[in-house]
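For reference, the chain that follows is the form predicted alone, supplied as structure tokens.
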């Protein structure tokens, strides 16, 4: 690894550590998503985009239209992950594990999450989940992603990340992140976000707790991407659990 690359990685990690985690935690509790701005430089985003055409980094390519997931393509990384992606995954997890444990506790779900990502991956591997899940997604004009949840086996982590690698309104237009929240016995609520290049958006994988008059209850959430009007949109997804397939 070049020294300049290592310095950029350490700079990105320092921005994660410097985040206002009290505010981030409260936003995740309230909304199911939160943002850390300008974590990756434009240079890092461009290098990750260039990596898309280097097949040695990937274990699987998915054409979204074939499976009716939307219109576009994505590729799952293989182990070992690129250094930047691996570091983000390991360094962010300890901030999110207490939030995940709080959610599971108030919803009276039995699973608890260890404090380190290495220990959590060991739990995945004990259930046969050994394949890397971080991925890069590419959308052209008209590309979109249907509403979904990223679950790859019995063991899953209830929070994940996305980093938009292209600059909105420069590299592409449209292509907003869309979240839907389904409250019990109510219509779905839709929320739209447009992170800037290099921002990290943390969001719920499947659900979040909501406090009602008789205690906490579970609200299910899904995420997707609205149609890209012009240009190309690349994004990096970082999921903390490993996959069966």
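Numbering follows the first chain given and starts at 1. Bear in mind the structure is a predicted one, so any value in this text is a computation, not a measurement.
Omitted here: the form predicted together with a small molecule. The next part is about that form.
Taken together, the three residues 75, 89 and 243 lack any non-hydrogen atom within 4.5 angstroms of the small molecule in the predicted complex. Only one of the listed residues (155, 71, 162, 99) places a non-hydrogen atom within 4.5 angstroms of the small molecule in the predicted complex, and that residue is 162. Picking from 119-127, 104-112, 134-142, 80-88 the stretch near the small molecule in the predicted complex, with a 4.5 Å limit on heavy atoms, gives 134-142. Among heavy atoms of residue 12, none comes within 4.5 Å of the small molecule in the predicted complex. Taking non-hydrogen atoms only, residue 19 never approaches the small molecule to within 4.5 angstroms in the predicted complex.
At least one heavy atom of residue 225 is located within 4.5 Å of the small molecule in the predicted complex. The small molecule is not shown here, and in the predicted complex it never comes within 4.5 Å of any heavy atom of residue 28.
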